[in-house]
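Presented as structure tokens, the chain that follows is alone, the form predicted on its own.
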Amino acid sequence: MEIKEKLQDAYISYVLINGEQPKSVFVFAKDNELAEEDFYNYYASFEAIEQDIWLNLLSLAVNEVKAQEVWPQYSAREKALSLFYSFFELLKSRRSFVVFSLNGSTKTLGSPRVLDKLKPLFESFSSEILLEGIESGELMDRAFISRKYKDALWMQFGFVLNFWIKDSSSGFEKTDEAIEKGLTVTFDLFQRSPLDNIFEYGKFLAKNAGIKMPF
């Protein structure tokens, strides 16, 4: 096991046993047979350790779902569902730490700072499957709006995460239901709707019948 992983495991053990972060980097490093300056070769702060733990959880989930034989046949909606289910299944083994981490984290633009490293990976994954969905015709390519689809998925991620923290149902079955219902509604919005048909018809009339449109 590499030193960064050992530090992550040691940090998780410490906060779960003591209910708080270590008093200082010096003491924490010494307990793990490192000089303080050696600790800083790997992490700038305890928050940075937490950010890496979150990133590693999502990376593991992404790798797991992409390794599935059926992955290439999945629709964009199915790929998103698969990632959400896999990620929150992984969180079960770290629930106590996850609750501690989120409750103690400051927020940046509404998102906990401990998710700062996770978010770019989530957005990269989302952009990839959404582009596939648009290219296949599964999702609607809307000018100036399509690029915001990943933001909607990030909002769903945050919603489900907060829901999971408060979920007291057996096996967190309510969270699974929240994932299914939330992503179903979100992807329904990404697909062609009657409003898209009206808009396209309006553009057709404007182009071919000389009718001036108000947009």
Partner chain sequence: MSENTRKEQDSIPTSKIERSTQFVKTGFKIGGNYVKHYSKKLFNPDLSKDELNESNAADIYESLSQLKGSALKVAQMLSMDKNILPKAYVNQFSQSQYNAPPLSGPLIVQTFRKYYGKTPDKVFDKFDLKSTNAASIGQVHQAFLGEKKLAVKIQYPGVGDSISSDLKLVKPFAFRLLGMSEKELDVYMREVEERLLEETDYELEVRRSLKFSQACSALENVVFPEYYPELSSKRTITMGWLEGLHLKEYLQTDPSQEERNKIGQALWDFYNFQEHELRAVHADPHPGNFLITPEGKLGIIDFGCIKELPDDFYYPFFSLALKGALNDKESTLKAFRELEMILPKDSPQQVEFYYENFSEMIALFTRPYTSGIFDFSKTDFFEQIYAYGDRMARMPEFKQARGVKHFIYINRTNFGLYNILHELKATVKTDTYPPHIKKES
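Numbering follows the first chain given and starts at 1. Quick caveat: nothing in here was measured; it's all calculated off a predicted structure.
One more form of this protein, predicted in complex with the partner chain, exists but is not displayed; see below.
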Evaluate E78 for contact with the partner chain in the predicted bound form, applying a 4.5 angstroms cut-off between non-hydrogen atoms, and reply yes or no.
yes
Taking heavy atoms only, is Q68 within 4.5 angstroms of the partner chain in the predicted bound form?
yes
Does the 4.5 Å heavy atom contact test between E123 and the partner chain in the predicted bound form come out positive?
no
Does the partner chain come within 4.5 Å of any heavy atom of K107 in the predicted bound form?
no
Among 87-95, 123-131, 136-144, 110-118, which stretch has residues whose heavy atoms lie within 4.5 Å of the partner chain in the predicted bound form?
87-95
So the partner chain isn't shown here. In the predicted bound form, which residue out of D151, E36, E177, E33 has a non-hydrogen atom within 4.5 Å of it?
E177
Pull the contact list for 141-170: residues with a heavy atom within 4.5 Å of the partner chain in the predicted bound form, in sequence order.
S170
